[in-house]
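Single chain ahead, written as C-alpha cells, the form predicted alone.
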Amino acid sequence: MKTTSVRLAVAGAAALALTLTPALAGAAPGRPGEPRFSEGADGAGDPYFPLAGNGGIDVLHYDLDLTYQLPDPAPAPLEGQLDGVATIQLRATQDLDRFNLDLRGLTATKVVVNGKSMRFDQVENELRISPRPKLKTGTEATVEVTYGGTTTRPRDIEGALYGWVTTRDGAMVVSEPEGSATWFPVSDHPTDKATYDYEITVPEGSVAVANGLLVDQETAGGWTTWTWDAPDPMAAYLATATVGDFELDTYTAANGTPIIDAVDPALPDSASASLALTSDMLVFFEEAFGPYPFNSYGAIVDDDSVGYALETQTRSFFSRNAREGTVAHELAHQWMGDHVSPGRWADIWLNEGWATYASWMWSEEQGRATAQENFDDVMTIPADDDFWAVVVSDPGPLCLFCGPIYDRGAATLHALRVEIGDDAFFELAQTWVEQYGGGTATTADFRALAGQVSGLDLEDFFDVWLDTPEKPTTW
C-alpha cells in the first residue's frame, strides 16, 4: 500500500498486535449425520483486525449498483449521498443459520437471499443475516443488500483517510487495510477474494472509475452510468469506485495490456508525465515476475489527496502526483500484493518490501541508483535508530506502513538475492507468483519456498532479517 514521497518515520517500537479472536457460536444439537447449524464468525480471524472479513462464507462475486450524489462543496464537513444495491454470490463453508457481512457507516434497508426477504440486523461493523432456509455447507446463495447513507471522510486505525473519502468533486476510494466496509457490504479480508462488476451512476459530467475494463457509459436524465468489469479475483481493499473530474486516456501497452488512465485535468502535465513509462515498466516487470496477471491496467491521478498512493487492482491510485518511483512501486504491486495477497496483515512486508525492491530494480534499469546502492543506503541507518526496532514479520497494526516495512523489507530481498544468487532469486520470484497468484500467502510460505528453490537452509537468514528487532550485522 500507501507509498509516500518521503520515508515514514517510526515513532518508537512497533505496536503490540491485537490478540482477540472471534469465537464461533456453539453448534445446535442434531442427530448423527445431520447438519449442525451455527453462526458464522464475525471476523476472518486476523489478530490485527478481528472484525475484518467473515467466517462461514466464501464470497465469489460482487455486483455493485451504486448511485452517488456529489457533495455541496461549500459547507464543511464534506458529505455525499451513496445509495447502493450489492448483489453478492457466496458459498457456505459451514452449516449456517446466520452469517455476517462487514458494513460500517451506512444502513441496510433490505436483504434478500435467493429471492426471498430475510431477517437482518446491524451492530458495529457487522450486518447480520439469518437465511431461511438455513445454508448447508457447500450451498451457493445470492444475497442482495439494499443500503445507503451519508458519506464522509473516514480514517483508518493510524488516522489516515481511507475507504469512501468524500471530495469536493466526488470521492477517492482507497480502502487498505479494511475500509471497503465504508462503501459496500463485504467480507473485508484479503483471504476472501472475489470478482467484481460495477454500475456507478453519477451526475452528468462526472466520471466514475473502477477496476478492470470499461464496458459501457450511458447518460440519461442528467445522470451518467459507468459500467466496469473486473473478472480477476481481487481482495476487497483493492476495489475502487473513484468519482471526480477526470479525462480518460486509453491505449495498449507494448506487452498487449489495455491501459486506461484517469487524470484530473486541473493538475499540471508534470503530475502524470511518468505514466508514459507504464508500457516499458510492464515489459521490465514481466521479465522479473512473469506475465502481467490481469485483464487491464492504468492509473487514477486526482487533484485531491489522501496523503498516499495505493495499488488498487488494475488501476493504481495517486494523490496529486504520480512520481516515477511510485508509479513503478504501485505497478509491481499488481504481482506482489494484488495477485499474491497477504494471508494475514502481519505479512504486509511481502507487499511493500517487494514493491519497494522493484522500484530499486527499475532505478537501476534506468541508469540511476543500483539496487546495491539503495541497499547500502538503508544499511547506513545507525544501529540505535528506531528504524531497526520494528519486527518486520509482525509489526503490529499501528506499524503496517512504517518505513522499515518498505525499506528493511526491500533490503531483506536484496540480501536474499546476494545470498542465493540471481538465478535462484528470480526463479523464486516467478514461482511465488505462479504458485500463490489469485490467492494469498504468508511469510512462512515465502520462507519455505525460498529454501526449496535455493536448496539452502535459510532459517537463520530470515530470523535475522525478519524476526529480530535489531540491525542485521551477520547472516
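Everything numeric here is computed off the predicted structure, so don't read it as measured data. Numbering starts at 1 and runs along the sequence shown.
If you look for the form predicted together with tryptophan, you will not find it shown, but the lines that follow are about it.
In the predicted complex, D156 approaches tryptophan with a heavy atom inside 4.5 Å. Contact between V301 and tryptophan in the predicted complex is not found at the 4.5 Å heavy atom cutoff.
E352 belongs to the set of residues with a heavy atom inside 4.5 Å of tryptophan in the predicted complex. With a 4.5 Å cutoff on heavy atoms, A241 does not count as touching tryptophan in the predicted complex; it lies far away. E176 is the sole member of D192, D102, E176, D261 with a non-hydrogen atom within 4.5 Å of tryptophan in the predicted complex. Between tryptophan and the residues F120, F401, Y292, F284, the one pair within 4.5 Å by heavy atoms in the predicted complex involves F401. With tryptophan left out of view, the stretch that reaches within 4.5 Å of it through heavy atoms in the predicted complex is, among 218-226, 305-313, 194-202, 111-119, 305-313. Proximity to tryptophan in the predicted complex holds for all of A160, E330 and H333, with the criterion being a heavy atom within 4.5 Å.
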